[in-house]
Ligand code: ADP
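Listed next as structure tokens is one chain, alone, in the form predicted on its own.
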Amino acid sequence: MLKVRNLEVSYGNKIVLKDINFSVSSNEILAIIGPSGAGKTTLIKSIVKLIPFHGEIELNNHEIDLGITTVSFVPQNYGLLPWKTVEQNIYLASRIKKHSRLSKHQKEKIHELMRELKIDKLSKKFPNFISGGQAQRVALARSLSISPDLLIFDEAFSALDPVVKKTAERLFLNQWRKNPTITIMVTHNLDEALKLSTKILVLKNNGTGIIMENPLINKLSDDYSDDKNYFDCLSFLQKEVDDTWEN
């Protein structure tokens, strides 16, 4: 479980985050939403210890040590190396983690994951010659291939068009259900937060935040078209966000 207690972050005399408290277990996905400048990226940087902070951040009752803890990060631009093929990009994460060449069995497991994400036929292509949706799935495969202790998405679905995005969301959830992982998802999209999270952290302009359960928590899904409560829940979340960001 990831626990954040009394987190405060300042840049000089400016307090960016204060009194942030939440927890995320291995069978939960936390969506972080907030206006520009509310501290979403700062929060992520604090969790992975890229910036100094006050408070406590623990993973499974220990401070996060990037030399021991495996954290997978999927950025908005996917972070693929253009001079390596799709296959090489995915292998690279596992090779770095294991500090050695991959065994035949390890490669077979990665190729099984690639087949499930429908990118196995792209293995010899370079990132500049695949679509945005395909690149997103390659980044997802790379992140999941190392069985992370913590999985972080930073606006990772935002650049996709609606049709491709729906496919990417479905494939992600299929993989996540097979191997639930403590997951944090930074997004500005309320629809995405409802579809892909179990709880939601709404950051305010003043650096504080409120944590709430996803009102559709019992139906974690990429498709709510048949859920009569979906639009009511979306309206409820929109009102909560509007009220929070005005304060």
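This structure is a prediction, so every number in the text was calculated from the model and none was measured. The numbering used is simple: start at 1 and walk along the sequence shown.
Missing here is the form predicted together with ligand ADP; even so, the following discussion is about that form.
In the model of the complex, segment of 28 to 36, 188 to 196, 62 to 70, 206 to 214 with a heavy atom within 4.5 Å of ligand ADP:
Looking at the other structure, the answer is 28 to 36.
F126, V138 and R142: each with a heavy atom within 4.5 Å of ligand ADP in the model of the complex?
Contact check failed for every one of F126, V138 and R142.
Does ligand ADP get within 4.5 angstroms of any non-hydrogen atom of T181 in the model of the complex?
Answer no; every heavy atom of T181 is more than 4.5 Å from ligand ADP in the model of the complex.
At 4.5 Å between heavy atoms, is Y11 in contact with ligand ADP in the model of the complex?
Looking in the model of the complex, residue contacts with ligand ADP include Y11, since a heavy atom lies within 4.5 Å.
is_contact(V16, ligand ADP) in the model of the complex, heavy atom dist at most 4.5 Å
Contact check for V16: yes, within 4.5 Å of ligand ADP in the model of the complex.
Taking heavy atoms only, is S46 within 4.5 angstroms of ligand ADP in the model of the complex?
The answer is no: S46 has no heavy atom within 4.5 Å of ligand ADP.
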